[in-house]
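Form predicted on its own, single chain, as structure tokens, below.
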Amino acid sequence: MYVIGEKINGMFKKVNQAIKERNSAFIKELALQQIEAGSDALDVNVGPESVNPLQDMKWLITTIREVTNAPLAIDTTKPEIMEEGLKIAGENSFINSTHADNEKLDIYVPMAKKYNAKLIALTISKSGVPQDTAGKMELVTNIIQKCIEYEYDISNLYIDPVILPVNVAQQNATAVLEVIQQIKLVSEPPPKTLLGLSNVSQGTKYRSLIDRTYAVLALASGLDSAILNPLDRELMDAIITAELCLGKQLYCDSFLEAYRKK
């Protein structure tokens, strides 16, 4: 599975403090820790408390680029910050993210094409998050149609069916798994699937257990990617083992160590 590390986010107190103090050593170390733990890419979010989100985003990306060339997922709701972030981060970055409404897609699909970026699209509209499979798939269809309209490469599209906390929307967890399966059938090539995994356990008592259990279920349903905490070793072990059992990795007695070295 393609892993996007979630830890460089201003919602976390230590990251927020590091941004305010321009503590580049902390950010660099956090970036490297996530890469060493198995992240293929890094999410970058300045957080809601930023008083100058444009400058903070530019500083974060520039700081990370001093220690790694890993793809970055620029996580912001503001198009102008997204575009500036993409300019610094370089090709193969991620736009994180767009909603499924046409006014959002008309901004972010051309932007993704212009900067040769991957696009994360959420099954969210002005009406909110659909709770059932049919409602989610209707938004999936609209996202794909917009990408075709702009001649955007569908293989660079990542659709997020939006997992909600299991303690408040338990039925949504099953619908998301169904959507992951159905997305594989809607086009050729199909878009990829992605989840903000930590959302499923938000507000619950056993967060790591719920995260890793749902990750295994989602992988078995065909999930391609997730934004998650790579520093949760038990979560990463569960993902590696699930891929082994699904035939995506070769077995050896030291398969966990071998995967991490890879």
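Source: prediction; values computed, not measured. Residue positions are given as counts along the sequence shown, with the first one as 1.
The form predicted together with (6S)-5,6,7,8-tetrahydrofolate is left out here; the points below concern that form.
Asker: Which residue, Ser221, Ser50, Asn199, Ser208, has a heavy atom that falls within 4.5 Å of (6S)-5,6,7,8-tetrahydrofolate in the predicted bound form?
Answerer: For this set of options, the contacting one is Asn199.
Asker: In the predicted bound form, which of the listed residues (Met11, Leu250, Ala25, Leu246) lies with a heavy atom within 4.5 Å of (6S)-5,6,7,8-tetrahydrofolate?
Answerer: Going through each option in turn, the one that passes is Met11.
Asker: Is Val46 a contact residue for (6S)-5,6,7,8-tetrahydrofolate in the predicted bound form, using a 4.5 Å heavy atom cut-off?
Answerer: No, no contact at 4.5 Å.
Asker: In the predicted bound form, does Ile120 come within 4.5 Å of (6S)-5,6,7,8-tetrahydrofolate, counting heavy atoms only?
Answerer: Yes - in the predicted bound form, heavy atoms of Ile120 and (6S)-5,6,7,8-tetrahydrofolate come within 4.5 Å of each other.
Asker: Can you tell me whether Ile227 touches (6S)-5,6,7,8-tetrahydrofolate? I mean in the predicted bound form, with a 4.5 angstroms heavy atom cut-off.
Answerer: Within the cut-off, so yes.
Asker: Evaluate Leu194 for contact with (6S)-5,6,7,8-tetrahydrofolate in the predicted bound form, applying a 4.5 angstroms cut-off between non-hydrogen atoms, and reply yes or no.
Answerer: Yes, Leu194 is a contact residue.
Asker: Counting only non-hydrogen atoms, choose the one of 81-89, 120-128, 138-146, 166-174 that falls within 4.5 Å of (6S)-5,6,7,8-tetrahydrofolate in the predicted bound form.
Answerer: That would be 120-128.
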